[in-house]
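Given as structure tokens, the chain that follows is alone and in the form predicted on its own.
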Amino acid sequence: MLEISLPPRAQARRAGTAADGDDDDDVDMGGAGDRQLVTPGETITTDPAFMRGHGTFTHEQALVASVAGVVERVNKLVSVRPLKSRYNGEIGDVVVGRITELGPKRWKVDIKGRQDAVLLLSSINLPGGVQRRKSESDELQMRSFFAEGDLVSAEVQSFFQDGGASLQTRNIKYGKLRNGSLVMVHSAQIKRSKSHFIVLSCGVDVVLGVNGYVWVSKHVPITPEMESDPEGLYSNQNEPMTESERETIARVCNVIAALGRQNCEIHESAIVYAYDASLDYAVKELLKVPVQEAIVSQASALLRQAATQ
């Protein structure tokens, strides 16, 4: 029988608690904003009022972590979100995925999850913006909308009984991705926020996929003509870009990759501060570990300073 023993610091803490009769060393589950990092076998709480969730187990009336991750609490349910795991989707998540297969009235999309998501033909905008039932002719033209290998941004609409995600791209901000580059980080590092579509002051658009895929591209404003005629959204032709625009996109990509390698939480403020800190270095120097550490350290200091103001 396999037994998971407590780490030394947890054993010492439990021994001290038993000797002193004091529960102050247990993780305080009262603070909703606390981010508790635990390791396998570490005691989360000894309060019997809390229920066991994913990533936890009970041992001698104590709630113990079974994975390394961050403690999350929903009312009395306590769970541990692993630091590195496959993407677990939620309804409303903005994701970036790659088309892997065409099927009858649907596309399969790789969203870095346990299984491919499904994008139904009825969940996309047709060329011309006409809202109508999809016909057989639309099904025959599916590859002209999205083909294998295309990158798309979409929203998680619902889930099937087997746990697969159903996506939709009916909004003008979703659809085929062009004019940029893809950066991959761990999904746990992407912070859920009100908007995952970021327009940086340097003329670059960033799509922060909650699944860990980040798309960095040239800023192309959405005009009224595009809203009334979204046919251009399915084009495979990239917009012409200057050398400075390509360099700026590469800089933003390297900054996001640096945040990912330094295990930082990735959101709009972190990207902005890290980008400003990277301007003192050439683009190719951003791939060096010491430079990445310096940039992340400076960005973290600016974030802490902004939080105290």
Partner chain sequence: MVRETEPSNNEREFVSKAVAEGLRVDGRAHNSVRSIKIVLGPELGYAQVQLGKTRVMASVSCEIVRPSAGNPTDGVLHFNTEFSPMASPAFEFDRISEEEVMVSRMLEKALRRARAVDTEGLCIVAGEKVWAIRVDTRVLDHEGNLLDCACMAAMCALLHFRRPDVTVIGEDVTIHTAEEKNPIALSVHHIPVCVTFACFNDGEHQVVDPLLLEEQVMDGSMTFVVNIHRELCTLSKAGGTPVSPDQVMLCASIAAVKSAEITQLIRQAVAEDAKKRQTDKK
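Positions refer to the first chain, counted from 1. Values in this document were obtained by computation on a predicted structure and should not be read as measured data.
FYI, the form predicted in complex with the partner chain isn't displayed, but the following is about it.
Across the proposed site, K218, R246 and E268 without exception lack any heavy atom within 4.5 Å of the partner chain in the predicted bound form. For T100, a non-hydrogen atom is located within 4.5 Å of the partner chain in the predicted bound form, even though that partner is not displayed. G92 falls outside the set of residues with a heavy atom inside 4.5 Å of the partner chain in the predicted bound form. In the predicted bound form, the partner chain lies farther than 4.5 Å from every heavy atom of H196.
The partner chain in the predicted bound form comes within 4.5 Å of no heavy atom belonging to G203. Exactly one of the stretches 73 to 81, 136 to 144, 166 to 174, 100 to 108 approaches the partner chain in the predicted bound form with heavy atoms within 4.5 Å, and it is 100 to 108. Annotation for 141 to 163: interface residues with the partner chain in the predicted bound form are E148, G149 [heavy atom within 4.5 Å].
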